[in-house]
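The chain below stands alone and is given in structure tokens; this is the form predicted on its own.
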């Protein structure tokens, strides 16, 4: 059964997460369907893409499917990981992507939302970065992404505490472009999308790519990159990583030892 629905109307494409019983988890199936839908919508006259959950959703998306994370000894967020692949696809899509946020956003779904160009949320929106809860070392591009958008100290707090950031603080931190009442969320989002469709798609596409390239213009020396990768490996080779995954699957609090 499909876990998303798609629509193209008035040059605005919509991808709607439609797997509430599994909290719209970003499983390989979900990611595959998103990638296929983006390709299909691009064949139409799509000038803006809206990514959303079903109206009334309590969870926008619960992030990476922990059941699909690799066993210790392998990078859980490698370059070809399905989640990392869809993040790159959204970031490089040559049209604006709007995340319409209703409900909570967890883990890798935060990165997906922030990979969109504009975030519009209601007061039920919240954001929680959970890798430290299960002992996962987040990848370099993802951490840099958060630092660029919300600043170093806000990013540290989100990653260190793994506590939810509610809608109002999220708007102040720059995660949300606009915070609106839930009854106005859909109208506000599609009104903005309509305004965008009236502008030059070529100009917008070029400007988006320029911003993407400039935002990632932070060169690392080879030795620094190797150091970062080595640091990450100490985590996904650790007993804590194995314990974090095991505890999640057993639905109990993890017991981390720092080993």
Ligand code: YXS
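Residue numbers count along the first chain shown, from 1. Not measured: the values here are computed from a predicted model.
Although it is not shown, the form predicted in complex with this ligand is what the next lines describe.
The three marked residues, 13, 38 and 190, fail to reach this ligand in the predicted bound form, with no heavy atom of any inside 4.5 Å.
Across the options 190-198, 39-47, 203-211, 55-63, residues that bring heavy atoms within 4.5 Å of this ligand in the predicted bound form belong to 55-63. Among residues of the shown chain, residue 121 is not one whose heavy atoms approach this ligand to within 4.5 Å in the predicted bound form. In the predicted bound form, at least one heavy atom of residue 107 sits within 4.5 Å of this ligand. Although the partner is absent here, residue 129 sits close enough that one of its heavy atoms falls within 4.5 Å of this ligand in the predicted bound form. Put simply, residue 133 is close to this ligand in the predicted bound form: some heavy atom of it is within 4.5 Å. Residue 67 is the only one of 233, 28, 67, 227 with a heavy atom lying within 4.5 Å of this ligand in the predicted bound form. Annotation for 20-58: interface residues with this ligand in the predicted bound form are 21, 22, 23, 25 [heavy atom within 4.5 Å].
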